[in-house]
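Below you'll find only one chain, the form predicted on its own, shown as structure tokens.
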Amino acid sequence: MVALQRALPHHATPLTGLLARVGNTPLVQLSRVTEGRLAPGVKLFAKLESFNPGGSVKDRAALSMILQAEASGRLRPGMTLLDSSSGNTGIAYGWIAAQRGYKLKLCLPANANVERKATLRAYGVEIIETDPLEGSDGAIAVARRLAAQDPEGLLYLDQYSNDANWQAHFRGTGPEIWRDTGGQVTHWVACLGTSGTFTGTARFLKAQNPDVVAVSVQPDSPFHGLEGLKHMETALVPAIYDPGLADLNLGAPTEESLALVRRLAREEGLFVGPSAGAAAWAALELASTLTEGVVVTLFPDGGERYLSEAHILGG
């Protein structure tokens, strides 16, 4: 672990103001949705990433990638940031770019919901809408073309291939979970999008205790309704994804995951997004098979960004 820590780039200037508020999100125990499903010796916790300034876990990776680009000299004054995003990373880039004085160009599937587009425009982001039928992979392809056309004016952050993505979680999310569970975490469960959250956190936790079980979660079908998640077998696989890191892989069904979104709001008071429903489904499935253990999952964002999507909220 020491060798890996030394290999990670460090940011010399301490963060202040809103930037210093990224991370250290709450870890809460789920109690009502678990009733009747868990053995007495099993506890299930969720890390609430909607408490980040930009409202999602992507604040961590976006900040890490931008700071690393500055420190390396790749990001120079006057350059415009560029990336593709289904929404949350774009919003994270948006407020951080505003704080750091950069312009941002974002490739976004045209069917992204109105809440996300409105938020991006509020931050002054230039949105380039891409073919909705091609999803996030289509947005990636457009971003790559734009980057190739203007390498001097655009800095393509490429969240899917950028090691500063997973390093944010090795430095932040993982240590926070270890601290807040008193080192008692036995299982780590997280969904796969870019895979940065799962990868960085799993690497840290396993460095502390090799017996920690890492469980990755993705949609159970290429045709799914879990925004932000990737079905790795049929999608462009992120370069930072390490398929050998997971001890167990679970496929989350869309309808059951969305049902848990509604249950979490009505039974736990936690209004979360669809990917959190998938994480909760997988964590419950796993925890229900254990006789003892401390299972930790992560809820990437809040449900406010999905209010226009009636199928999520239900009746």
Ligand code: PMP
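Because the structure is predicted, anything quoted here is derived from the model rather than measured. The first residue of the shown sequence is 1; numbering continues from there.
We do not show the form predicted together with the ligand, though everything after this point is about it.
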{"property": "The unique member of C191, A202, A139, I91 whose heavy atoms fall within 4.5 Å of the ligand in the predicted bound form", "result": "C191"}
{"property": "Contact assignment for the ligand in the predicted bound form, among G174, P109, G228, P219, heavy atom within 4.5 Å", "result": "G228"}
{"property": "The ligand in the predicted bound form reached by all of S195, S275 and D301, non-hydrogen atom within 4.5 Å", "result": "yes"}
{"property": "Candidate stretches 228-236, 74-82, 100-108, 181-189, one within 4.5 Å of the ligand in the predicted bound form by heavy atom", "result": "228-236"}
{"property": "Any non-hydrogen atom of K58 within 4.5 angstroms of the ligand in the predicted bound form", "result": "yes"}
